[in-house]
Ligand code: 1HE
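What follows is a single chain, given as structure tokens, in the form predicted on its own.
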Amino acid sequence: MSNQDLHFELCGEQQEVAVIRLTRGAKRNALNDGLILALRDLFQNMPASVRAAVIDGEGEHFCAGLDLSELKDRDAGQGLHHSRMWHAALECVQYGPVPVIAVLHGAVVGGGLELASACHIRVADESTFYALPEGSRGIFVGGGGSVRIPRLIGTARMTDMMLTGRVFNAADGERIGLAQYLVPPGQAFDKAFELAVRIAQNAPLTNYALTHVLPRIAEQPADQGFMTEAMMAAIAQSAPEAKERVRAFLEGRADKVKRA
């Protein structure tokens, strides 16, 4: 499954990892509507064998943001519907069928940071830099960034990035929460793929709980969160695969947690 803007490949011994690559390298993988809709369609039609996905960018950059050369003159209503289209597409990434790991390198700017923030794990290499230049261009984020990015770094830091044009390098980006892993240049994909293979071995229902239920618990009042947690725990532990995994641990057939 591929088109001129997006390459899709199944990897792993059982084709359990989907590798998705933005292929607009000449445009620094800037996002246009066609690419956003292709991502939506891909996540809505993910093959049943897939248990985890990796999103990468061709060339030196993950994604330099919105392709401003394709920015159209829209009235307020058209702009509203356009933004909502992006919201629906990136919801398919965040709340799609599998956990998603982003491979960050070079520019992770504007809409590129919005895409990265819709992923569940972000692995950056030391060439990565982050920015939200919309403020200096007289526009505002429209792909869900005002919701997702403050949940990673806080409202004050996002405000600073947009008011001042501040650019975070890779090390500072990891420090403030834009990435969970930081690796040497050129090693982000290998690390992300390693994580995807590991994640694909989890019980699917547990992965679903972590990607769909945990974020919602985090937004609930405590009493509602505790109830949601209890119901999800009961559902997860009742699955036959969960019972077998617990049995294997009790019988000494499963690895124990070791110090890193």
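When you see a residue number, it is the position in the sequence shown, counting from 1. Not measured: the values here are computed from a predicted model.
Keep in mind that the form predicted together with the ligand is not shown, yet the notes after this line are about it.
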{"query": "Answer option from L35, A200, A30, I55, heavy atom within 4.5 Å of the ligand in the predicted bound form", "finding": "A30"}
{"query": "Region of this chain that lies against the ligand in the predicted bound form, out of 109 to 117, 148 to 156, 93 to 101, 177 to 185 [heavy atom, 4.5 Å]", "finding": "109 to 117"}
{"query": "4.5 angstroms heavy atom contact with the ligand in the predicted bound form for F189", "finding": "no"}
{"query": "Partner contact for F168 in the predicted bound form: the ligand, 4.5 angstroms, heavy atom", "finding": "no"}
{"query": "I139: touches the ligand in the predicted bound form, heavy atom cutoff 4.5 angstroms", "finding": "yes"}
{"query": "Touches the ligand in the predicted bound form: L39 (any heavy atom, 4.5 Å)", "finding": "no"}
{"query": "In the predicted bound form: members of 111 to 136 within 4.5 Å of the ligand, any heavy atom", "finding": "G111, E114, F129, P133, E134"}
